[in-house]
Ligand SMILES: Nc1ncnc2c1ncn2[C@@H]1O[C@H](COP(=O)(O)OP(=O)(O)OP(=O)(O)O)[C@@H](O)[C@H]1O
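Starting off, we have a lone chain in the form predicted alone, written out as structure tokens.
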Amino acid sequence: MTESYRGRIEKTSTGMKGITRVISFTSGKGGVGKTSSVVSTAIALAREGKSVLLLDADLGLANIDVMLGVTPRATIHDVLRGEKTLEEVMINGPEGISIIPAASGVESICNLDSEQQLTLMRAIEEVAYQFDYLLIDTAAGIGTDVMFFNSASREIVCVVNPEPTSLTDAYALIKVLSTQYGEKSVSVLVNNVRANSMPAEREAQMVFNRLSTAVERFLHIELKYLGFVPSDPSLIEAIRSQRALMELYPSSPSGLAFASLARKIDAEFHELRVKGGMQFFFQQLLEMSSHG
């Protein structure tokens, strides 16, 4: 690392030299609003003055660029082929966030050869050091790529909604993370909560409690309630418009919820005991690839 590069690292807005907070957003099933949640959280953090890098880790099915209506000139696929650097494929998003776009039809990272894995991992590490946050949008389910990026993240956020199938699939995901990957803690964000016979906040807490009760009974892992996002037509309209919710409707109920969520996440930053910053992320990726 050059001195000039190190100097840029030390001037990040966190004031915590060389530390990038790595958080993956994941879900047991598709359709729960995982991608919209990670995009909205990224933009909300940027509105708080943080620098944010967003990685679309659903390598074979690009989602983030489609959601935001942007067309990448190059993708991770070009990096893996050695034709582009990661800086060259990064694109700018709303509120100054940076995005590493995925590509359709890319092989599972666990099926890439070791040289390609190292190329991608080193590129992510070198770029992410420039940011306060690296947010990772994993694919849905319990596939190898999902576990790869979740296990390599310092923190995991599991997005659920009130549907029973969402909770069942979330439990399956958390079980694999706990029993096969040794994860000890997962945060839960309850999305698309409707206020029917009870306030949305109470409904969300009940959804979390149902999942937490099952997890505490059968698994050795701590679930943390991160918060909830109310059902909101503004979010649906933003998705249809291929624009960011926080850009179009920041004062909508869901927009305010994500703003609150970002403030809560960032307030915890200085309380974390981060061991080695991004090196921990990189080393764990290397360990997983070597044992895979």
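Don't overthink the numbering: it's just position in the shown sequence, from 1. Quick caveat: nothing in here was measured; it's all calculated off a predicted structure.
The form predicted together with the ligand is left out here; the points below concern that form.
191 is the sole member of 150, 191, 166, 75 with a non-hydrogen atom within 4.5 Å of the ligand in the predicted bound form. A single residue from the set 59, 52, 244, 32 has any heavy atom within 4.5 angstroms of the ligand in the predicted bound form; that residue is 32. Within 4.5 Å of the ligand in the predicted bound form, a heavy atom is found for none of 97, 261 and 265. Contact between residue 67 and the ligand in the predicted bound form is found at the 4.5 Å heavy atom cutoff. In the predicted bound form, the ligand stays beyond 4.5 Å of every heavy atom belonging to residue 43. Contact annotation for residue 252: none of its heavy atoms lies within 4.5 Å of the ligand in the predicted bound form. In the predicted bound form, at least one heavy atom of residue 239 sits within 4.5 Å of the ligand. Contact annotation for 201-221: no residue has a non-hydrogen atom within 4.5 angstroms of the ligand in the predicted bound form.
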